[in-house]
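Only one chain is given next, in structure tokens, and it is the form predicted alone.
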């Protein structure tokens, strides 16, 4: 069947070339994705977004070229628009061919649109497409407790309104990446996050929690033996008997019969000078102010009053960055960093102080520094047990790569985790002994409110508490009683990235 003469123009021919070549490439890439065992975000973006867009542009150019040519011909006396005559078998065949092609195109477009939607909601799209920019978030996500939960489940959630918001935000993010307008590190979008009840609580049941949890921790000191220091704590997540509901324990903060509001004086919510407690059953209301950081009445009236939810403590549920002391301890505990190497904890702490500006140069600096230390201080070990040094370096480099990202200037200190109070003020933002009500009541920072110490001390001389009793905390390093009056962060946050 002959094509209409109006197709014979350069605009339509170029459009046809675009459309046909794009369609062939889409088929090839689609087959390649089916046969490949690896997720390739660039394959997806070309298969479902870029090439279909080029194909549609090509298809649009074909009728445009035909219209332009007919318009020119109309000046020579020919009709401007084609005449449809169903009595002509030739035109009926053309109409049938056009209808079949249109039907097939609509089916392919529907499938392609669905696949494009799924692709833009996929984990590789979120984590791999802008690899260097999103690498910190993607790497920590893969090693998080939520590694099997798709990014969009938390960052977008259900509902067309949030989907539209996320895509509009995504357009700006694409612009930022293309023109290098993104901050380093990327700021956590605290104000744009959905409420926990619309994300976290779709899987987690606030009214039902596990009983108190035993938390065993092991750290290593910086002496020549890398001495172990063990601590076992009973975390009071809920009451001793979980049938009592949320009447006590850490998760009391989200008891449905209580409401805790607060005002943060900083955008990152690291400083909370004002807290309001309301007992919804009795109507009792108490307000507390940080006596070292009092707010004016005008500030109280104008600043945001936020109702406390899961995310105020569990603020890093999927992207948690461990500090150098933590990830080195974990590497030593897993056997990736040999504890028999003298002073390996101390050496690691010294080389990990940073600052780091480039991953390759940072890893090279770590490797060279550790080699030089043992070559000079312990030549016998360097000569006879170099394999232990190599293993230690590999372990430290591995943990470094999972938690520190020099290009994006990402370290644990940039994304503080509010669980606990060691490296961020976390609990102590409110439980400070400084937050007082007008009646003199204080929000205490007594350790026993949240956990009881069951045992602590070096591995060869552990001290144990009496059953159902707690024991006073003993600091691994002699700091006198300063740990009782100072915040932990005053030492722990300032030393390492």
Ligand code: HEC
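Residue numbers count along the first chain shown, from 1. No experiment lies behind these values; they were computed from the predicted model shown.
Only in words, not in the display: the form predicted in complex with the ligand, which the text now covers.
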(request) Identify, from the list 262, 374, 400, 356, the residue with a heavy atom within 4.5 Å of the ligand in the predicted bound form. (result) 262
(message) Under a 4.5 angstroms heavy atom criterion, identify the one residue in 332, 389, 351, 233 near the ligand in the predicted bound form.
(response) 233
(message) Partner absent here, but in the predicted bound form, which of 293-301, 414-422, 356-364, 87-95 has residues with a heavy atom within 4.5 Å of the ligand?
(response) 414-422
(message) So, residue 24 and the ligand: in the predicted bound form, are they within 4.5 Å at any heavy atom pair?
(response) no
(request) Check whether residue 249 has any heavy atom within 4.5 Å of a heavy atom of the ligand in the predicted bound form, and answer yes or no. (result) yes
(message) Although the partner isn't part of this model, could you tell me whether residue 153 comes within 4.5 Å of the ligand in the predicted bound form, counting any heavy atom of the residue?
(response) yes
(message) Given that the ligand is not shown alongside this chain, does residue 71 nevertheless sit within 4.5 Å of it in the predicted bound form, heavy atom to heavy atom?
(response) no
(message) Need the contact residues for 262-295: heavy atom within 4.5 Å of the ligand in the predicted bound form, sequence order, or none if there are none.
(response) 262, 272, 275, 277, 288
